[in-house]
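Let's start with one chain on its own, the form predicted alone, as structure tokens.
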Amino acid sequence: MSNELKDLRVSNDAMDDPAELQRRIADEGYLFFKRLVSPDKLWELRREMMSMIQQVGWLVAGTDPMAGIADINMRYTEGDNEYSAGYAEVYKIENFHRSAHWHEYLDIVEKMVGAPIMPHPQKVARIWFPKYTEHTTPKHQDFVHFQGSFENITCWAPIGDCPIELGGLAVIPGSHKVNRVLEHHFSLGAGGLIVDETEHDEIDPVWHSADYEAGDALFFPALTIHQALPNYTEDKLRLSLDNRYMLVGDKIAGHMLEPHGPSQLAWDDIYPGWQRDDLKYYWKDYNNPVVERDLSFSQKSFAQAIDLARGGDEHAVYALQRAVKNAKDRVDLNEAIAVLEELGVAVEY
């Protein structure tokens, strides 16, 4: 796919021109900056996070954690309880949460939206294994997952260098102009939802990406179609920040006030080891209206997975097996269990 990709437009030339930044993101649906943040800050964060990732057993023991040499026998992804167990330890790192509040990110987002902003409490780290490409995050719009407002801005930033083959992010410029949430379908990849951009005549399905370096950052609103690229490396773990910013006073979905779901943590589980208190429950100082999460997107995806599994789709069967194995509450999984049993597929609890 890398031969089909076009380069992202670099907007460093407009960093001090809010009006131009606002024009570009309105027109192109993204803003990309080279070394927006000092690479040293990302390398320091990488050492802390990768050291913890090595402690939980996902990197080859005895290797330099900065190299991110993955133990491919430990490949997990979001939705696996084994992933949650390791991710929880990474998620407790104070500096990881603080990185979303770095002034470089806050200042540039305020310029591009022209108003005061607040980082969502739910910070996200993406940890992707090599040789696990079928679980790559599929093409989608962020609104189906994070909701709240179309005006929310996503910031994706690699924690270290991230060349194409390691699996950075790609976007379709101008795809946000559909100005609506598009139909999403079941997918095995992270998030479980995929959109087919070719179904919509108003979208020019040309993908843009980059060989990212430490300090780079890509921003886009909640309707821009994007995807992760596959991690085609032999043994490198891809590590990145994936955070959201909202206009102060805008709507926020209730689940975005909680820690990222795969961590299976509450804030009281995260804060005890922190050195400073200034970011603990910081969002309570803002009067942002909270709206209920719309579960229809995920419910539709799961219903489609059940139908596809009945037809023998291997990805759908795997998704049902994983859902049954990893769910704490199986009340809503009775149909999935019945389908697996009809197919003669092993059901692990």
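Predicted model only: the values in this text are computed from it and were never measured. The first residue of the sequence shown is number 1, and the count goes up from there.
Another form, the form predicted in complex with a small molecule, is not on view; read the next lines as being about it.
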Candidate stretches 140-148, 84-92, 158-166, 204-212, one within 4.5 Å of the small molecule in the predicted complex by heavy atom: 140-148
Contact check for 228, 238 and 242 against the small molecule in the predicted complex, heavy atom at 4.5 Å: yes
Heavy atom of residue 128 within 4.5 Å of the small molecule in the predicted complex: yes
Distance check, residue 154 to the small molecule in the predicted complex, heavy atom within 4.5 Å: yes
Proximity of residue 220 to the small molecule in the predicted complex, heavy atoms at 4.5 Å: yes
